[in-house]
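Next up: a single chain in structure tokens, the form predicted alone.
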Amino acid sequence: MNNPPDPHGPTYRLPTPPPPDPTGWYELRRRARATLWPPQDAAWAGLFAAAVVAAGVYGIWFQATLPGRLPSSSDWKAVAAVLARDTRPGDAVALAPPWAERAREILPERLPTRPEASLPVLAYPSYAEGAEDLAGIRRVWLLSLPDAPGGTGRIAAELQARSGAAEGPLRIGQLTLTRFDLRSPLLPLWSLADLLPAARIQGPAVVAREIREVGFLPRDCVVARFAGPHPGTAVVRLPPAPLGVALRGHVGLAGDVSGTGASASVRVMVDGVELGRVEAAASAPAWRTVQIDTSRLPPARHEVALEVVPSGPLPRGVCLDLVALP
């Protein structure tokens, strides 16, 4: 039997109030929401002050702990001893982070067992495929500061991607040493630096192999330095040498030339015929590339010359790099 409907309408019961929060978290959230929204100047000033205090505390902690995360003189000397023992021609050392330039003071410039072979020290921001040629290098020893900012991660991953095998890392104090064997090393027939001792220099320039800053990066190149605000043309004439499929080179203005308007034009001559030209200027990319197809030339020795025409004062000179690709 159905009950008749209540003439006064349905009956509602209020829900039971929640029990009090013993932690006070709900009340704290309510007060924080009321304080921060709508935004008030006093609230945001307090948050900004708290952020400044936190950043200051982190900076003090970072500075206080940094000496313990940097390598000591003994660590550098131990790494130098390992490299002097295990490196061979075709090896190079890459620094991570790139600002760890103290390695240039400690590491051997040449292999103790092969004094005629140098041990290049590289400090590039990227070693990805196509970023750097790494001409003449078969193995790269990555010298990293794992506890320093930028000491691990990306550079090791980029070298790993270009390598067929890797060995390490070997921990030496606050340094680590990892060897990467490049999968497809670029082994030129010859390089400008190799043939420079037998080259003939014509014109008002001093030409030598040096490490110079080009675009804020250290480059191991042949530097042509000129004197005076209006220098003349210099020619670097190499001895006859075989050519492969191409000549590949780079040109850059050494030092900080921003805002000077300086520039230089470099012409690549083969047997007296200009086959390529590259312009380097303060307003252009720092490290300009030129590649010349030589695959159609007869398979004989050819005379290669670089003609450097500077414009404007170049106190640090022009940085040159050229290799013959097999």
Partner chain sequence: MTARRGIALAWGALVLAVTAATSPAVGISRDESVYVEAGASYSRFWREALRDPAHVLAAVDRHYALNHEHPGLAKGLFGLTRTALSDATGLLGEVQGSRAGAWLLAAFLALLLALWGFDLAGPPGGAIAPALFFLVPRNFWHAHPAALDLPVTALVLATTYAFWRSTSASRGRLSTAGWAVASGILFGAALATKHNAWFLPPVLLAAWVLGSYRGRQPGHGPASEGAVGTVRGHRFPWALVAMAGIGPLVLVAAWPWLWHHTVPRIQEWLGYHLHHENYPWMYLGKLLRKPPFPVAYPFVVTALTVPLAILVAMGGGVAQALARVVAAWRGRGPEVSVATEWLLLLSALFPIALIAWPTVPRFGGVKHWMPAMPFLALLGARALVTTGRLLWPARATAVTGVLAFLVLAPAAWQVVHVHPFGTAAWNEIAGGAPGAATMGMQRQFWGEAAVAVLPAVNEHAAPGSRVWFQETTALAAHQYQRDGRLRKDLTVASGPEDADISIWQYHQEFRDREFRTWTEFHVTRPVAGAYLDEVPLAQVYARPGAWR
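The structure presented is a predicted model; accordingly, all values stated were derived computationally and were not measured. Numbering follows the first chain given and starts at 1.
Another form exists, predicted in complex with the partner chain; not displayed. Remarks below refer to it.
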Exactly one residue in 273, 45, 300, 34 has a non-hydrogen atom within 4.5 Å of the partner chain in the model of the complex; which is it? 45
From the list 138, 77, 237, 209, which entry has a heavy atom within 4.5 Å of the partner chain in the model of the complex? 209
At the 4.5 Å heavy atom threshold, is residue 194 in contact with the partner chain in the model of the complex? no
Mark residue 112 yes when one of its heavy atoms lies within 4.5 Å of a heavy atom of the partner chain in the model of the complex, and no otherwise. no
Is residue 93 close enough to touch the partner chain in the model of the complex, meaning at least one heavy atom pair within 4.5 Å? no
With the cut-off set at 4.5 Å between non-hydrogen atoms, does residue 149 touch the partner chain in the model of the complex? yes
Non-hydrogen atom within 4.5 Å of the partner chain in the model of the complex for each of 49, 56 and 257: yes
Testing 178-186, 103-111, 84-92, 238-246 against the partner chain in the model of the complex with a 4.5 Å heavy atom criterion leaves exactly one stretch, namely 103-111
